[in-house]
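Form predicted on its own, single chain, as structure tokens, below.
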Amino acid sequence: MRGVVLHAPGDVRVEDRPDPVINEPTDAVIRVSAACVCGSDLWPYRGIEKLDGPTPMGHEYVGVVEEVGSQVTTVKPGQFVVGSFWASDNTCEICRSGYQSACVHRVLMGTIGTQAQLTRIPLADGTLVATPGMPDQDLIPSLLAASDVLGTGWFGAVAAQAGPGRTVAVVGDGAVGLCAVLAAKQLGAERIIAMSRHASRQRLALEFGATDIVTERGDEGVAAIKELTGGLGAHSVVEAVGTQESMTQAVRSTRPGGHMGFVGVSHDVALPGDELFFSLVHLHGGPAPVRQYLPELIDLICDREIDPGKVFDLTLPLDQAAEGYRAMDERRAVKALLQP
């Protein structure tokens, strides 16, 4: 099969790789219908995360089941499935509490690589959710978004307790931030402030439900949020970047007693204890338990109530994956979809 391998920062290649096989009786093998490049893939692409040799890439995927292990009971060959970027058994005590991304047996799909024609899914019963029949082709991008960025944005909005009567601010206008806007709208937020400097992303944020756009960053961005909220700050803030600036901006944009959900993968972030102490802000976040939300998200997508697939503004064949990485790195694309 063909699959994406990152050899060094900036060096993306599509190569012949061995076809995956069933290693454990709980595995499944799927034929990938669509994969994509994630913002977190850019950390090793830029050399910020170090590689230990050539690395298969990708952790977002949808596709059709080809083969299942002897212990798999919830999916079968021929079904179209969506899975989380964390494989989980969905039966351990942590999973049952709704945090499948911290499953005691979890496997990060990025260690297997899903930017490929085929991929192996560990813990298939707990990881994969079948769609109600074979989806229409135009729904595949949205179902792919559910595998990570929609589920992550949703978790961020839930962690921030977005809901009726609340003002939500979203720090970050990448695919996760835009999906957090969509989630806040679905959760019933009264006002949604998207922080973005890019016209195309602002337009999509407004389409997804944003009521206000703030273009400023840092302390100026915080001041703009305060001005829009009577000097208090937002009830709910979603941080969807993972940098020092974005985290600080998010904390300072949250009103005392408010809630902040942080879902950007943090790199070299340090928050001063005294500022947190006096902020009186609730913090909750981390790797999103996407599997918790997949059934609901799949229903919303298949019923055409939401269209998160609009975050994909570049579609390429798998063999042109390197261009997808370049386009996202240079901010010429929000998110690149790869067609194996």
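We number the residues from 1 along the sequence you see. Bear in mind that the values here come from a model prediction, so they are computed numbers and not experimental data.
The same protein has a further form, the form predicted in complex with a further copy of the same chain, not shown here; the description that follows concerns it.
**Partner-contacting position among 72, 129, 187, 94 - heavy atom within 4.5 Å of a further copy of the same chain in the model of the complex** = Among 72, 129, 187, 94, a heavy atom within 4.5 Å of a further copy of the same chain in the model of the complex occurs only for 94.
**Request:** Go through 264, 174, 113, 221 and name the one with a heavy atom inside 4.5 Å of a further copy of the same chain in the model of the complex.
**Result:** Selected option: 264.
**Message:** Against a further copy of the same chain in the model of the complex, would residue 271 count as a contact residue? Criterion: heavy atoms within 4.5 Å.
**Reply:** Looking in the model of the complex, residue contacts with a further copy of the same chain include residue 271, since a heavy atom lies within 4.5 Å.
**Message:** Can you tell me whether residue 99 touches a further copy of the same chain? I mean in the model of the complex, with a 4.5 angstroms heavy atom cut-off.
**Reply:** Contact check for residue 99: yes, within 4.5 Å of a further copy of the same chain in the model of the complex.
**Item:** in the model of the complex, residue 284 touching a further copy of the same chain (heavy atom, 4.5 Å)
**Value:** Heavy-atom contact with a further copy of the same chain at 4.5 Å: present for residue 284.
**Asked** Is the gap between residue 120 and a further copy of the same chain in the model of the complex 4.5 Å or less for some heavy atom pair?
**Response** Judged by the heavy-atom cut-off of 4.5 Å, residue 120 is well away from a further copy of the same chain in the model of the complex.
**Asked** Quick check: do 1, 14 and 295 each get a heavy atom within 4.5 Å of a further copy of the same chain in the model of the complex?
**Response** Per the other structure, none of 1, 14 and 295 touch a further copy of the same chain.
**Asked** For the chain shown here without its partner, which stretch in 121-129, 135-143, 256-264, 179-187 has non-hydrogen atoms within 4.5 angstroms of a further copy of the same chain in the model of the complex?
**Response** That would be stretch 256-264.
**Item:** Within 208-241, the residues that have a heavy atom no more than 4.5 Å from a further copy of the same chain in the model of the complex
**Value:** 232, 235 sit within 4.5 Å of the partner.
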